[in-house]
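Same protein, same chain, two forms; see structure 1 and structure 2 below, as C-alpha cells.
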Structure 1
C-alpha cells in the first residue's frame, strides 16, 4: 500500500506569496490529480483552500484551471463546493476556460448524491456564458423532474438564470410552462416558492411585449392560485411567505366575504417571530380593506400590538425599520395611537436615529389628553448630552405647541428654555418662539419680555439670529431697545456672512422705521446703502426694491412691508398628501424607511413600474393600424427627478441666474433722501397699480366662453424620436388627478386592456409598462385637420384607483378641451 500523499503547507496560507505560490500550487495539484491513495482528499482540501485564499485576495490563479478540473473527480462534497466556486469565478471572465468545465459538470449532474447533483446544476447555470447555453437545457429539464427536492429547487432558479442569458432558448424549451406545472403539483414548499419567484420575474419582464405573458400574470393573481398558496403558507420558509404575501397584497377579491376569508386565514401570521412576515401580512390587511373605512380602522387597532411588540424586540436596526412603518401609520391615523404614547419614549440605550424617529411620532400623536405628559418627557430630553437629540426635542415641543389650542403650559416651558444659558437651546427656542408668535400673536407680551433680555451678540446661528431680528422688527413698539439693537447689527453688516440674516435685517429695519421713524432713520439709511452695495443678488434686489418704494410713497411702502398682522392658522407640510399616499402604496419596502417613493432613490434600470428608458427608438409604432395593440419593448424615462413636479415649475426654479458681479450704485446720501420721507409719512396715499397686485380692489375678470368641441384624428402618426423631442421641448399645460371606476380597476390587469380602450377613443399609446398596482403610460393624440399633437403621461395606481395625468400640447388653447376628453375616456374604462 502506497504511503499517503501529503502536500507541504505554506507558513502562512492566508498571505500567499504571488506567482511562485501559484506555480507551486499548480505542480502539487498535478501530482494529486487522479490519485486514489488514502489521504489524497485531505491533501486536496489543503491545496484547494490555498487556491481559494489566493483567489480571495486578488491573486490570479487561473493558470491552475486545468489542474483544478482534473482534481474535481471525487465524491467529497467539500472539494466539489470549492472547485465549483473556483470554476464559477474564472469561467465568467474567461469563456474559453469554461469549456473545460462542461464535461465534468454535466457528469456531476447525474451523480448518485443529490447534493452533488444540485451543486453541479447550480454551478452550470451560474457560468452565464452565452455560447454554452445549449449545454444547460438538458440538465435543467432533468433537474425539474429529479426525485430530490433540493435538485428541483436549484433547477427552478436555474431556469431564471437561463432566461437572463437567453430568453429565446428558455421559451423555446418551454420552461415557463414546466415551472408553472411544477409549482401547482410539487409537494415541497421551497420548490413551489422558487417556481413562483422565477415565473414572476420572467413574466414581469415579458409583460410589456407579450399578451401571453400578461395573461399568465393575470393567472398568477387569480383566485385559484392565490388560495392554493395561502393554504400552504405555513409550510413555506419566511422568505417564501413574504413572497406569497406580496402576491396576495395585489389580489383583488370579488367581494367582502372573500376579504374576510383571507384575513382570517392570515390572522396567525401577525404573531410570527419574523418581522418581515408580520409587515408583509399587515401590508395585505391594509390594502385589502382600503375601500372599507370601518374595517380599515379596525385593522389599525389589530396591528398595533404586533408592531409595538416588534419595536421592543430584536436589534436597533429592526426596531428602526418597524418604527418607520409605525410612523407612516401614525401620520395617517394619529388618534388610534394616542393612548400608546409611552411606547415611543426614548430609552437610554436607543441609537440616535431611533430616538429621532420616536420624537417625530410623539409629536404626531400629541393631543389634548396626553400633551402634558409628552411635553414633560420632551423637556427632559432638552438637557440631553446628545446635542442633536436635544435640538430635536425642543423642535418637537414647538411643533406640539403649533398644533394645540391650549398652549399656556407649553409656552411657559419654551420660555424656560431661554433661561438655560445653552447656546443651542437658545437658538432652537428663538426659532420656535418666532413661529409661535406668528400663530398666537396674543402671546407677544410674555414672549417679548423674555426675548428682550437676550443679547444679539450671543446668538451665532443664522436661523436663530434671523428669528431674533424678525421679532425686533415686528414688535419694535414693545421693545424699547429695538432701534438701537438693529442699528448695532447694521453697523456690523460686513461681519454678517449669512444672506438670510441680512435679508431679515433689511425688513426689520424697515418695519421699525414705520413705527419709530426718528430713532430708526439713521439705521435705515445705513442698511439700504449696505444692501445696495451687497454682492448677494437677493440682498441687493431687496434693498433696491425698498429704496425705490420709499422714494415713491412712504405710505404705500408701509402697506407693502408692514401690513396688519394676520395669524397663521396652518403651517405648510413638507410632504404632499400625494407623496404620502404613494409611500403608503409601497408599504413594507425601503420607500417607508427613506420616506420617499421608490422612483426617487432607485436607479433607472430598477424602477419597476416607473422604469422607462431614455431611448424610444426601438418602440413599435402602429401608425397605420389603429386596431393593433401598441406597446413598447423599451420604456421611456422623462428627465425629471421628481415625477410630481411639473416641467413649468422646474423651468421656473431650474437654477440661479448669474448677473455677474455688477452692483447698483447707491445714491450719494441715502439718509438725506429719507429725511423728507419721515416728514411725509403721514400723507394720504394715492391710487397705485400696486393695489391690484395686493388684491385691494381688483375687479373680477369676465367669465371666459366655453372652449369649442375638440375632434381627434382617428389614426395619428408620431414616431418615438419626435415624441421624445416634443416631450422635452413642451411645457406642461395641464396636470390633473382622475379617479378610475371599480370596473376600470378590475379590468386593468395588464397595460394592454387600457391601451385598447384609449385607441377606441382616438388616443394612441407609444410606451407602457409596470405591474400591479402601478402602471405607467405615454399616450398621444392629434387634433383633427391640424398638425397639433397632445402628449400625455398617465400614472395609474389600481390600489387607490387614482390616475395622475400630465398633458403637454402644441396648441395650448385646446389643452383644457383635450384634458376633459381624456378624463372622460379614462372614466369610461371598464364600463363597456
Structure 2
C-alpha cells in the first residue's frame, strides 16, 4: 500500500486547523465521491483521516455524513474501516442518514473475505439506531453460524449490542438460546467467551423481573457449565480466563473434594505473568475455602509470594492495584504477614498513594516481634521531605502505641519528635500524645513534662492546638502554669479562628477552674463572656450551658465537666466489620481500591447479579411502611469518619450527659453505636473472626432443635427506622448456617412464601430482596411479655439449599433459644 499523500493544508493530519475545516472537507469529499481516477483512493484516505482526526479532538463533523457515505463505495479496506468508525460515531444523531449506510454494510456482510464480513457486522450492530434494528437480525443470525470464527466472535457480541438497542427484538429472534448453544459447542474459545459475556449481561439485566433470567443465571453458575469452562481454561485468552475465573468464584461446590480439585487445576494460574489472572485465581481460592479455616490460612501463605512478585513487576499503576489487594488481606489477617514487614517499607520512588497503603500495613502487622524495627523505620520517615507522608508516619507510630505493643519505648520516641521542632511534627505528635493519655493515663507525668515546655504560641494547627488545650485542662493540677497559659489564650480569643479550638478552650478553662479555682476565676469569667458573645452557634451554646450550669449548682457542674474518667480501652475502628466483609466479598474489584463496598459508588443498574444490596434502603420493605426509605449509606459514611478525631469535639460532655458517639467512658456506659464497632475490632485472631462473622464456622447440618423454651409475641411492632438503628447498635450474638429442605427450596420461588411461613411462626419480615439463587431477608421477633427484640439477617442460597443466619438480640441470654426456634421454623419451611 502506498503511503498516504500528505495533505497540503495541514502538516499533521491529527491537528485540524479549525471549524471551517468541516465545510472544506465536505466540499473536497463531494468532489471525490464519484471519482474513479487513479489515486482517488489515496486522496480519499487522506480526507477521511482528516475527518477522523477532527472527530477525535471533538469537532462535530457530522454535517459531512452524506458525503462520507457517498465516498464509502470502495474496495479499499482502510477506507472502509475509517468510514465504519465515522458512521458508528454519528449514526445515533443522524438516524435518517444512517439508513444510507445500511445498504453497503449489509452488502459487506456477505463479502467473501471473513475479515470484511466481521467488520461490517460489527459496524452494523454498533449503529445504535432504534428504527434500524430490523436490518440487524438476519446478518446476526447468519453471523452466528458463519464458518469463520472471527465473524462468530463479532456476532456473539453483536447480539448484546442488539439487546441494548431493542431487548424485545433480541428475544423474539431467540438469540439468547442461540448464544447458549454456541457457547456449549463452539471450538473457538473466544467465541465461547463472547457468548458468555453477552449472556451474563443480558440475564443480569433481566434477573430482577424474570424468573427465566434467574434460572438461566443459575445454569451459568451451575456445575456443568463451570466444569465445561474449567476443563478448557487454557484455551482461553488471558482476559477470557479472568471471566471464567470470576464465574468460578461464585460457584458453590458440593463438597471439599470438589474444592480441592478446582484448586489443584488452577494452581498454575498463580504463576501467570498477568496480574489480572493471578488476582482472579486468588479470588477463587479465597472464596472456595471460606468455610475451611485451616485451608483458608494456607491459601494466604500460598498467595503471598505471587502477590509480592506482582507488586515488584510491572508498571507502578499495576503494582498499585495489586498492593491494594495485599492491603486488604493484611488488614484481615495481620499476623500472617508479621514476618514480611520489610516488604512494606516505603521506597524512595513510591508515589504517595502507595506509601500511604504501606504505612497502614506496617501499622497493622506490628506485634511483639517486629514493633521495634517497624517503629524505627517509621521514625526515619518522620523527617521526610514529603510532609504528608511524614505526618502519616507519625500517626502510624501513634497507632502502634495504641495497639499496646512496647508502649514504653514508643512514648519516648514520640516525645523525641517534639524535640525536633518541626511545626508539623509537633502538631501531629501533640494529637497523638493526647490520644495516648486517654488510653494510658499512667504516662501523664512523662508526657506532661515535655508538653509543658511547648509554647502554645508556636502551635498553629487547630487539631494540635485543641489537643494541647485539652491536656492543659485535663492535667491542670500537674502543670504549674496551666491557668496562666489558658488565660493568655482566652485573652487572644478574637484571634482564634477555629471554633474547635474555642470549644476546647471553654472546657479546659472549666476543668482548670474546678482544680485551681482562685487562679482560674478570672480566665473563666473572660472565657464565658467571650463565648457568650461568640458568633459561632456551638461555642455560644456551650458557653451558655456552662454559665447556667455554674449558676444552678457548682458541684453538679463539676460532675458534668470533670467526672472521674476511665481509660479508653479500644479506640473505635473507622470501618465496621460488616463493611470490611462486604469489601472482601468483592475481592478483585474497584471496591478494594476505594475501600468501599460497590453500592456506594456504582449506580444500581451497573451492579452485577450477585452484588445484591445489603442495605435496607434498597430492599423491599416488608411492612406497610411504604416510602419509608432508610438512608443506611449515610450511616456508613458516618462510620467512615475518623471517630478517633471527630469525637474529640464532644468528649468533654463525658459522664451521664454524653451522647452515643463519645468514646470516653467504660464500654458498659456506651449506649449505642460504638459497641458494635468496638467489639468487632478487638484483638481476636482475625481468621476466626472472619469465619465467624461470615457464619461459616458451623458447617454441620443442624441437629433437631430441643423444644423451644421461648415463646414469641405473635404481633410485635417494630418500625424499619428502629430496626435499622438496633441492627447498627447490636453485635451478632449468634451466627450459623442452616440447611433448607428440598421442599423448602422448591417453594421459595419468591421471597413472599418464606415471609408468610415465618409469620406463622411469629417471626416478622421487615425487609427482603435479592434475586435467585440468593435471597436476603431481615426478620425480627419479640419475646412474649418483654420488650426485647431479636433481629435476624438471613441469606438463603437456593442453589446450595443453605441459609446463613445472623442473629442480634437485645437480650443476649435468650439468643440461643431463639436461634434454635428460628432454625426449626426455617427447616420446616415447605413441609407444611
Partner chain sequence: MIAQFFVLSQRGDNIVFRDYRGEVAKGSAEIFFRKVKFWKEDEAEEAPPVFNVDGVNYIHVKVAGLFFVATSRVNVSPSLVLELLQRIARVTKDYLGVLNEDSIRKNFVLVYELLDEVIDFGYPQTTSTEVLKSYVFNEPIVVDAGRLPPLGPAAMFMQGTKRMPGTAVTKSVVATEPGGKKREEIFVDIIEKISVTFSSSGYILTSEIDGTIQMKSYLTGNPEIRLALNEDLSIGRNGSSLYDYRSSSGSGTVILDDCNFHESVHLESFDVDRTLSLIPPDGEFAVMNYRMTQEFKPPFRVTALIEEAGSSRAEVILKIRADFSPNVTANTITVQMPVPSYTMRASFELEAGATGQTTDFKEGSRRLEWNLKKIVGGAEHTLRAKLTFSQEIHGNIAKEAGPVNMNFTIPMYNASKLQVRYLQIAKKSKTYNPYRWVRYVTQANSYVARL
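Residue numbers count along the first chain shown, from 1. What we label the rigid core is the largest C-alpha set whose atoms superpose within 1.5 Å from one form to the other. Quantities reported herein were computed from a predicted structural model and do not represent experimental measurements.
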(message) Pick the form predicted on its own out of these two and give me its number.
(response) 1
(message) Using the rigid core as the reference frame, would you say residue 499 shifts its C-alpha by 2 Å or more between structure 1 and structure 2?
(response) no
(message) With a threshold of 2 Å on the C-alpha, tell me if residue 360 counts as moved between structure 1 and structure 2 once the core is superposed.
(response) no
(message) Does residue 737 shift between structure 1 and structure 2 by 2 angstroms or more at the C-alpha, the core having been superposed?
(response) yes
(request) For residue 70, tell me the Cα shift between structure 1 and structure 2 once the rigid core is superposed, in Å to one decimal. (result) 4.4
